[in-house]
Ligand code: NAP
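One chain comes next, on its own, written as structure tokens: the form predicted alone.
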């Protein structure tokens, strides 16, 4: 029988047989989950010789949940993640016409999973559009609950939008066109500081060399500019023994972590031209979405990009495939399961089972090096052995 993980004074307390909730996902979700869970179980068995295992607990969201319960995101699913702390999910469809803007965003906001963690690195053999994908080795900390993704929007032509337009005209002298849709972009000191704090703790724990704050503060001075300032305050007030800002050291941090900042558009250029200069990155929601997908393209695409949503204070974390449901491929046993597989590897690292994560990554890399790949990579490689989703999972297990 499995046991629940708990939070202790020093972080997660993980039993040898933890119960881990999972959402299979919609569209291609069942295909990629079936391959991934076999990889996870094989890796844990390989790494720990049978002394550890996972007790998987299925919970429902998306179309499967709606068909079974009439609810797209049942409260029982949210409560399962709260109670068991760590879970994993496939891609989810979003209902058309109401309910949720995005089920994925809803899960993050309801559970206050304020960090979207996106490690980005190249695995040898993966086809890439750039000459030196091996220079990309970054960990993106994307704020997950604020910014324009907060969903605070009013539609053009509505009474509510007209009220807000009138209000800002009267109170602040702002002239907004009457036919505008409006959105609010909240960036708080609380949200900014806890994100940067988490990024710095990660950098310290993993021996990383630098942290870069990515922002558009030259234009949005009181939101993104404030994010930058609050980030440096965290460095000075809480981490001055292990980290130092560029302005406080002239670019020479000694044995401390160097904290610097860069304008978002310059960052998007430099991750192409000088990717080796970036290590851990902290940024806001919209910037993080753009940057993490752009980086994923450099190392093979979102089909192989892992993601996780984490609240480091409560311990609750939901790891996920970063791509969509691709309904036209549903049930075809065709697509690349790499995103959810590598998300599972990151989940194992999060719970302290790094040996299992290493086994997964080594098996995946060896499979790709042998040119045994799904169609998305096969069309970009010469002499590739194109295989199905399930066969790709089996090939990883064989090479562990």
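Remember, it's a predicted structure, so these values are computed and weren't measured experimentally. Numbering follows the first chain given and starts at 1.
In what follows, reference is made to the form predicted in complex with the named molecule, a form of this protein that is not presented.
Participant: So in the predicted bound form, does residue 335 come within 4.5 Å of the named molecule, heavy atom to heavy atom?
Facilitator: Result yes; residue 335 sits at the interface with the named molecule in the predicted bound form.
Participant: Is there a non-hydrogen atom of residue 246 within 4.5 angstroms of a non-hydrogen atom of the named molecule in the predicted bound form?
Facilitator: Answer no; every heavy atom of residue 246 is more than 4.5 Å from the named molecule in the predicted bound form.
Participant: Residue 251 near the named molecule in the predicted bound form, any heavy atom under 4.5 Å?
Facilitator: No, no contact at 4.5 Å.
Participant: Would residue 311 show up as a contact with the named molecule in the predicted bound form if we use heavy atoms at 4.5 Å?
Facilitator: Residue 311: no contact with the named molecule in the predicted bound form.
Participant: Heavy atoms within 4.5 Å of the named molecule in the predicted bound form: which stretch among 156-164, 179-187, 137-145, 86-94?
Facilitator: It is 86-94 that comes within 4.5 Å of the partner.
Participant: In the predicted bound form, which of the listed residues (328, 221, 209, 274) lies with a heavy atom within 4.5 Å of the named molecule?
Facilitator: Looking at 328, 221, 209, 274 one by one, just 328 meets the 4.5 Å heavy-atom criterion.
Participant: Select from the listed residues 104, 77, 287, 298 the one whose heavy atoms reach within 4.5 Å of the named molecule in the predicted bound form.
Facilitator: Among 104, 77, 287, 298, a heavy atom within 4.5 Å of the named molecule in the predicted bound form occurs only for 104.
Participant: Pull the contact list for 367-382: residues with a heavy atom within 4.5 Å of the named molecule in the predicted bound form, in sequence order.
Facilitator: In sequence order, 375, 376, 379 come within 4.5 Å of the partner.
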